[in-house]
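Encoded as structure tokens, the following chain is the form predicted alone, with no partner shown.
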Amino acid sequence: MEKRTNKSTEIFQSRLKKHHDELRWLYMELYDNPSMFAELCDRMEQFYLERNETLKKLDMTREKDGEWYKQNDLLGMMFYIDNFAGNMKGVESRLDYIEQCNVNYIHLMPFLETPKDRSDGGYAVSDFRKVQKELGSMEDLENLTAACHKRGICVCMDFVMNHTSEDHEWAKRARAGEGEYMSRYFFFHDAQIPSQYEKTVPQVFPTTAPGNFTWLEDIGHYVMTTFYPYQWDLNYKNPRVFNEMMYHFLYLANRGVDIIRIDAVPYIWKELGTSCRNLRQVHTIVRMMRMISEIVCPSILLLGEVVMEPEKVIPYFGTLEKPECHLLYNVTTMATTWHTVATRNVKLLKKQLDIVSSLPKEYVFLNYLRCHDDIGWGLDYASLKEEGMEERSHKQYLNDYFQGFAGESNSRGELYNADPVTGDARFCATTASMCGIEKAGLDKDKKAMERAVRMDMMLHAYLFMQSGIPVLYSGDEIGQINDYGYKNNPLKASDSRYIHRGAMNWVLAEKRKREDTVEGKLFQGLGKLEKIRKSEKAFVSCADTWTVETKDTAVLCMGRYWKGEKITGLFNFSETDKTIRLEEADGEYVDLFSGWTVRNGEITIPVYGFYYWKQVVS
């Protein structure tokens, strides 16, 4: 045992030595507190020694192959534990189903302890070391991650480090007047400084949670609450806050989590006179997190939630010499995809994809059609204005379209946080309902259903063609539609995001085995796409990618090339057949999905159809 401990200490010290000087320099730049830095290093070693041998072996394997997550074999799925399978033990019992979905990366939506009536979907954490009772325990989490690792499945969880619940122990002690704990938040005895912040800090939820501060009548103080009044922003100018949050981070990493999603990254550092977004110190903190994880638990990936366009997101990757996040969400491309559906015009999407293609191949994005959150229309309005589209009127059109009110739309859904003054709003619905599956089912219209399923399949085929890791939202694999039952729950009725957070319908999931059902067509079709992606090396993240001009505004053409193999994707975003000619398609090509071959450059793409062309080498 002593020999093993000595060996572990040597490995830790070797990793610490590699990063020590930079880590100390950054820490001292922020805090100028050598004793707190020494404490951090001591605790890091403690967490490393407590890490179990299986996880340490995984650390060493992934440390040797730093490119392991950049291949073409990762496919993600995100879900709420209770909606998917009741609790963590239930998720463990559904791992066969997850494997049938070809999924090997599951994102467990927030499961740490939160107040039931003030949880913000789990993002108001009251205890970072406790699981919500109805979902299980930390032991259940460890059992689940271990079971997943045996099947080669990675587990992702949310780390909400910008704020805590007002029910967190720190917040309770701060509310009781303990100065040490008040210093972990932003407290002010009058409105003078909060009013100065309000001059430069945008509001996140102007209609449901206006302003950035909440007045606490019982203690006569304001506290900073960027998101909701019951979520108190942490003060990272205090080194005790950083250290303690890093200890929570490492504790959770030691439970077997592979990917830690850092929630609301740009908001972490607050500075008077600024927007309190994307400040330099945020990058210092994320860089330190990256080094801490590489020292203690190098198999961990950091996933940053940064909701901006790709060219503004990339600073959160850091640099090749000093990396920050391993993965970032491709949020703007997701929103632009739905803009393309509503306009039947691929021009802006093509521009977005070209921007992503121009970025260093080392950068890996998570791509998705839908997630647990709303869709905000953060598009490139400067480019759209050149096409005659004004921001306010276009946002109105998009919201009307996806509610089914305009543009010959078959979509169904609801607005979230609509602001009557600015006209701004966000949109909520499942992928299937946005594609028209809900409406076609209610209308009992077989032709409309066929078209809706085709659109759904085409969008997923396009998703898999993007560089990075595709992630499904649970239920999309069987075409699950909006759940309006949330309106009957007083704790959820005011939040329309629950329309696409419905419980997994396992009765409908059984139909996935039948080819004559909507569920079967989608499940089996997606399975085929997933197997193509994993078997064709041109789908690796570092492949060369580009778009091709098709001379038809409704048809998107994407190319991928890696080590002598090229795949060309064609996607029809309209409800009419399209015939195009691609000069580079001369020769004999096979469609990987259908097996159909073509010998010249003229191609007809059916309504909401797609092709994955690969050249036949004789």
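Each residue number is its position in the shown sequence, starting from 1. This one's a predicted model, so the numbers in the text were calculated from it and none came from an experiment.
Omitted from view is the form predicted in complex with a small molecule, to which the following refers.
Asks: Sort through H500, H168, H163, H339 and report the residue having a heavy atom within 4.5 Å of the small molecule in the predicted complex.
Replies: Selected option: H163.
Asks: Using a 4.5 Å cut on heavy atoms, which of F227, F317, Y401, Y486 is close to the small molecule in the predicted complex?
Replies: Among F227, F317, Y401, Y486, a heavy atom within 4.5 Å of the small molecule in the predicted complex occurs only for F227.
Asks: For the interface check, one of 514-522, 353-361, 116-124, 541-549 should have non-hydrogen atoms within 4.5 Å of the small molecule in the predicted complex; which one?
Replies: Stretch with heavy atoms near the partner: 116-124.
Asks: Residue-level contact is defined here as any heavy atom of the residue lying within 4.5 Å of the small molecule in the predicted complex; does R533 satisfy this criterion?
Replies: Result no; R533 lies far from the small molecule in the predicted complex.
Asks: Using a 4.5 angstroms cut-off on non-hydrogen atoms, would R412 count as touching the small molecule in the predicted complex?
Replies: Flag for R412 set to no.
Asks: Can you tell me if H372 lies within 4.5 angstroms of the small molecule in the predicted complex, counting non-hydrogen atoms only?
Replies: H372: contacts the small molecule in the predicted complex.
Asks: Heavy atoms within 4.5 Å of the small molecule in the predicted complex: does A85 have any?
Replies: The answer is no: A85 has no heavy atom within 4.5 Å of the small molecule.
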